[in-house]
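Listed next as structure tokens is one chain, alone, in the form predicted on its own.
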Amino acid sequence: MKRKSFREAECPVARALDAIGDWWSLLIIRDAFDGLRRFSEIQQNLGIAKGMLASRLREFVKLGILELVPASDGSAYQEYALTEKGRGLFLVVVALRQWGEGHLYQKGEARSLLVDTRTGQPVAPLRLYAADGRAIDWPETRVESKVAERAL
């Protein structure tokens, strides 16, 4: 079955899922945030097939989510580094993490934890805020179809 492309969809969620919407992609991005930069490190950590990883990494470079940079140890290798566009996915990864923490673990079950490096305390749950600073939830929002005046 051929996968449907959402690259031209009006919905930003559909376009985002077209770029990063499979589990391998999000786990690769998570690993990049966790400091893994080399193909072999990512492949070993995830246990993903080399061809699948190579394909995803090529696509991330093409999309401008990752870039190839000289190895940090000065060797002849190249490493993958998050671009500004890639770093913009941090809140997406945190939101998925927090949803998983809240809904997919039993009380007391072992899990990794995202903490503030300054305090060592767990990060606060993400919230959505209106332009005036009020915390809002989905009932206080709606989707409107229009041409964006500016990129967010």
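Because the structure is a prediction, the values reported are computed rather than measured. We call the rigid core whatever largest set of C-alpha positions still superposes within 1.5 Å between the two forms. Just count from 1 along the sequence shown to find any residue number.
Heads up, the form predicted together with a further copy of the same chain isn't pictured, but that's what we're talking about next.
Gly100: heavy atom within 4.5 Å of a further copy of the same chain in the predicted bound form? Yes, contact at 4.5 Å.
Touches a further copy of the same chain in the predicted bound form: Leu66 (any heavy atom, 4.5 Å): Contact with a further copy of the same chain, no.
Indicate whether Lys85 is a 4.5 Å heavy atom neighbour of a further copy of the same chain in the predicted bound form. Looking in the predicted bound form, residue contacts with a further copy of the same chain include Lys85, since a heavy atom lies within 4.5 Å.
At the 4.5 Å heavy atom threshold, is Arg30 in contact with a further copy of the same chain in the predicted bound form? Answer yes; at least one heavy atom of Arg30 falls within 4.5 Å of a further copy of the same chain in the predicted bound form.
Select from 19 to 37 the residues with a non-hydrogen atom within 4.5 Å of a further copy of the same chain in the predicted bound form and write them out in sequence order. Contacts from 19 to 37: Ala19, Ile20, Gly21, Asp22, Trp23, Trp24, Leu26, Leu27, Arg30, Ala32, Phe33, Asp34.
Using the core for the fit, does the CA position of Gly21 change by 2 Å or more between this form and the one not shown? It does shift by 2 Å or more.
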